[in-house]
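So here's one chain in two forms, each on its own in structure tokens, numbered structure 1 and structure 2.
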Structure 1
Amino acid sequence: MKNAVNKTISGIIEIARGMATIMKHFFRPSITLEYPEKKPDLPPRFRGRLALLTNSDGTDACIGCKSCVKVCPCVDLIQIETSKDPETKKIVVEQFTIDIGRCIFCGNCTEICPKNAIVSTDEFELADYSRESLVFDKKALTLDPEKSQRLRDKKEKEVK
């Protein structure tokens, strides 16, 4: 008999604790977003879609050093083909492709780049129906000079 009374009392106490938790959260504002209509506020160092920056004159900021290829933990994720310009003797990036479908968004490529030519953007809606459309070439990755400057300014604010 004593055991049944103890179980009943402990059950009532647990129900009261549960109701107290419910009442505590009842008056707080909800934190759930109605996603497609309301976009989330992303943290400043969010790592989204990768992009290549351009200089203010419209030329590529990438110098073709391939350090991003070497530091990437996913093998053959970033592919760069370069050639040497016979007139200026500089290395020119002919092809730059990234398979976003296989990318783990670690940010190693953006941190290692000596010219800060590759950056993470705030774009996170990257879903698609085919894997081939997730392979971005140089044209799809390259941003115009205005967007490039905005991302550079944003990155400088993060560092400070």
Structure 2
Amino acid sequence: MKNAVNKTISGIIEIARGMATIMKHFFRPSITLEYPEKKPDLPPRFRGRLALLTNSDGTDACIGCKSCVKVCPCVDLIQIETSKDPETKKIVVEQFTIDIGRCIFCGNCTEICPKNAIVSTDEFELADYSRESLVFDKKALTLDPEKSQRLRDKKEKEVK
């Protein structure tokens, strides 16, 4: 009997303590980020959608070495077609396709790239209505020189 009374009293006290703790949160500011209106602050290392950079004169930064293809864990995710320019004997990247729908955003390709031509952007809203629209070809991947420079600056700042 005494035991039961003790148990009841301690139970009531503990429940009251728990409820008081919950009530404390009533007055705390909410932690919700109202997403579509407010975007999260992304750190500079964030790995978003991949993009190709261009040099300041508008030429491709990619030299077609296919290193990224070799380290990519998803088979055939990155597809590069190159050809040799008969005059300058330089490799020209003709096709550069990434299937973002299958990309796992591991960042292996950006680390291996000798010219830092392939980088991760801040873009993460990649939902789409069809799988085909997630296959990005070279035109869709390539950024213009201004944006490329901005991204390069950002990455360099981070490395420093």
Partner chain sequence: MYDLYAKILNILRLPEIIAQLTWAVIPFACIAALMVFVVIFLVLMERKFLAWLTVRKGPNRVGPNGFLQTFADAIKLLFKEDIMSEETNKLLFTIAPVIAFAPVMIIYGLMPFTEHLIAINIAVGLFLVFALSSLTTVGIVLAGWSSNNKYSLLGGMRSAAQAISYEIPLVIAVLSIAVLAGSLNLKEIVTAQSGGLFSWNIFPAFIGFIVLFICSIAEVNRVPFDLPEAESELVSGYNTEYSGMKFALFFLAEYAALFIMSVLISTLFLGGYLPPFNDYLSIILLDNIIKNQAIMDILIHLEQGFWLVAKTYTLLFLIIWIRGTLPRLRADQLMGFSWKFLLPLAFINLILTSIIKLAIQGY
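The term rigid core refers to the maximal set of C-alpha atoms that superpose within 1.5 Å between the two forms. Remember, it's a predicted structure, so these values are computed and weren't measured experimentally. Here, residue number means position along structure 1's sequence, counting from 1.
The second of the two structures is the form predicted together with the partner chain. A displacement of 2 angstroms or greater separates the C-alpha positions of Arg28 between structure 1 and structure 2, with the rigid core held in common. The two forms, fitted on the rigid core, differ between structure 1 and structure 2 by 2 Å or more at the CA of Glu14.
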